[in-house]
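One chain is shown next in structure tokens, namely the form predicted on its own.
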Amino acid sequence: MAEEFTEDELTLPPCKYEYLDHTADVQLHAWGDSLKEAFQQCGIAMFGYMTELDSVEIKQSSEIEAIGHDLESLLFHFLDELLFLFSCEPFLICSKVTITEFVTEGEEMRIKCKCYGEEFRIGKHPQGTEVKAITYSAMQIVNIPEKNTFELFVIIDI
């Protein structure tokens, strides 16, 4: 039976990310009006590097959880869980991620996230670049209060 989605679940957020060149790798630069939005954008940026997201329909969803002891480890584990989702059958490629729980204080920071997309299929989805791993190298989480913006910088191993 096909999964059904609300109109809100089918609506994609605006693009708030870009790719920056880095020696032998690529740096994701994502931003948002909140830290939560910046995390979501960073997740979508990673999927966007793997394929053209406008070719991805929302046909199924999956939920992930990530835990970290600080914001950097939380971001690392969040992206790593998203990469794992893509790396295992049914090879889910997501065009939308919605963080449903975002705990960024205390000794155990936590994210719960619902991921929307479909199974990656060569022929339907243009093959981008394979993401091998997430790295801590030069990872930055920047709060810019005067702009009311958070920016994330993450190098992914390709």
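Numbering starts at 1 and runs along the sequence shown. Here the rigid core means the biggest group of C-alpha atoms that line up within 1.5 Å when the two forms are laid on top of each other. Please read these numbers as outputs of a predicted model, since none were measured by experiment.
Note that the form predicted together with a further copy of the same chain isn't included here; everything after this is about it.
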Checklist entry - Any of the heavy atoms of residue 28 lying within 4.5 Å of a further copy of the same chain in the model of the complex? => result yes
Checklist entry - At the 4.5 Å heavy atom threshold, is residue 48 in contact with a further copy of the same chain in the model of the complex? => result yes
Item to check | Interface membership of residue 104, a further copy of the same chain in the model of the complex, 4.5 Å heavy atom rule | outcome: no
Item to check | Interface membership of residue 59, a further copy of the same chain in the model of the complex, 4.5 Å heavy atom rule | outcome: yes
Next on the checklist: Residue by residue through 91-113, which ones have a non-hydrogen atom no more than 4.5 angstroms from a further copy of the same chain in the model of the complex?
Outcome noted: 95, 96
Checklist entry - Superposing on the rigid core, is the CA of residue 14 displaced by 2 Å or more between this form and the one not shown? => result yes
